[in-house]
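Only one chain is shown below, in structure tokens, and it's the form predicted alone.
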Amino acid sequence: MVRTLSLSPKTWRSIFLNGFMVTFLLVAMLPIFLTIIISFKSHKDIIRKPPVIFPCDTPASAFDLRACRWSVEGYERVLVPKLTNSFPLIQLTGRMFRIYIPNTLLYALSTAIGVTVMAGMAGFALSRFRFGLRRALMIAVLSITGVPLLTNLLALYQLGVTLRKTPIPFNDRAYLIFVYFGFYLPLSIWIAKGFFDTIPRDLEEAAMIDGATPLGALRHVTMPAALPGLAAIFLMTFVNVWNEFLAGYLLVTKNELKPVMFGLYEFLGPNIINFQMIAASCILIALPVVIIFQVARRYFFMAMVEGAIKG
């Protein structure tokens, strides 16, 4: 007698959802996987017809792991390493690593830190205090979030041109950071306010009953519980600034001050056929963001657990 395996509807639903999520993840990861593969191919293996995913074929075999022809030509052309007689022994002289990535790190870190601090203070004030025109101020901040940066670029560009003609000292880096700051701050204020709303006021009152000052209660009780929201604001702002192209392209006049996305755009013109170079540039641009997320993820979840326990 053969016994048939019967599964409950809940089990079938779980299998279907897990299968859908795995399939969606594989499809989403496919472009990243292909970009990594292309970045380690030589030019002749990229343009060959018919194309092959892995450059490991031989005249006698379609795939031979010992015959793989991996190449770092793309990374060498992007980084342009040169040997030196002093420390460091290898110096990366490519514009992408020497100019554009440090510029974007400066813009992204400065904007993310400033937005996180200001949004935290404004969100706490809107969450904890009641004052005149508070509702109108919140609606005004929310309405600003609906205005895309693209619609303001022409006015911001003309403002930059006008300021450069005035005797007022003008700095392209500071101007771009202020533009990013003003664009990403309104939404961050609402995120911070929503997170502070979930933290009970009883925690602050209990701390003040125990002898803490209002600032002491904010520092030792409220802010540790709000760290997950502030960490989310920091990461969101950092990634958005890192991936932004148009503002950095239009509002900064000197190429040596432009962000990393302009560096990738600069490669597209003279190197449109060198796909291994474009793929290597994409990997190098994405790598700092991946590292930031890997480092910040542990602290993010630690803060979330601490906030949940304290709440």
Partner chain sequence: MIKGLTIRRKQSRTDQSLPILLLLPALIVLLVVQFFPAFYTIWLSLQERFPTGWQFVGLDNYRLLVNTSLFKESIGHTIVFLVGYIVLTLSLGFVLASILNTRLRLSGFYLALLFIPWTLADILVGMVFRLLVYPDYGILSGILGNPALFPPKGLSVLTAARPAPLFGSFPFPPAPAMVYLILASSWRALPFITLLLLASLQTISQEIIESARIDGANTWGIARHITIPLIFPTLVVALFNLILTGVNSVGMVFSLTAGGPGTATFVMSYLLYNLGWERLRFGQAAALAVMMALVNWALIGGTMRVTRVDERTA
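Remember, predicted model here, so these are calculated numbers, not experimental data. Only the largest set of C-alpha atoms that superpose within 1.5 Å between the two forms is called the rigid core. Residue numbers count along the first chain shown, from 1.
Omitted from view is the form predicted in complex with its partner chain, to which the following refers.
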item	value
is_contact(residue 79, its partner chain) in the model of the complex, heavy atom dist at most 4.5 Å	no
Non-hydrogen atom contact residue 97 with its partner chain in the model of the complex at 4.5 angstroms	no
Distance check, residue 157 to its partner chain in the model of the complex, heavy atom within 4.5 Å	yes
Interface membership of residue 145, its partner chain in the model of the complex, 4.5 Å heavy atom rule	yes
Contacting member of 132, 211, 88, 167, with respect to its partner chain in the model of the complex [4.5 Å, heavy atom]	132
Which of 157 to 165, 105 to 113, 80 to 88, 224 to 232 sits within 4.5 Å of its partner chain in the model of the complex, heavy atom basis	157 to 165
Residues within stretch 115 to 143 having a non-hydrogen atom within 4.5 Å of its partner chain in the model of the complex	118, 121, 122, 124, 125, 126, 128, 129, 130, 131, 132, 133, 134, 135, 137, 138, 139, 140, 141, 142, 143
Large Cα shift (2 Å or above) at residue 246 between the shown form and the other one, core-fitted	no
After fitting the core, residue 52 CA displacement of 2 Å or more between the shown form and the other one	yes
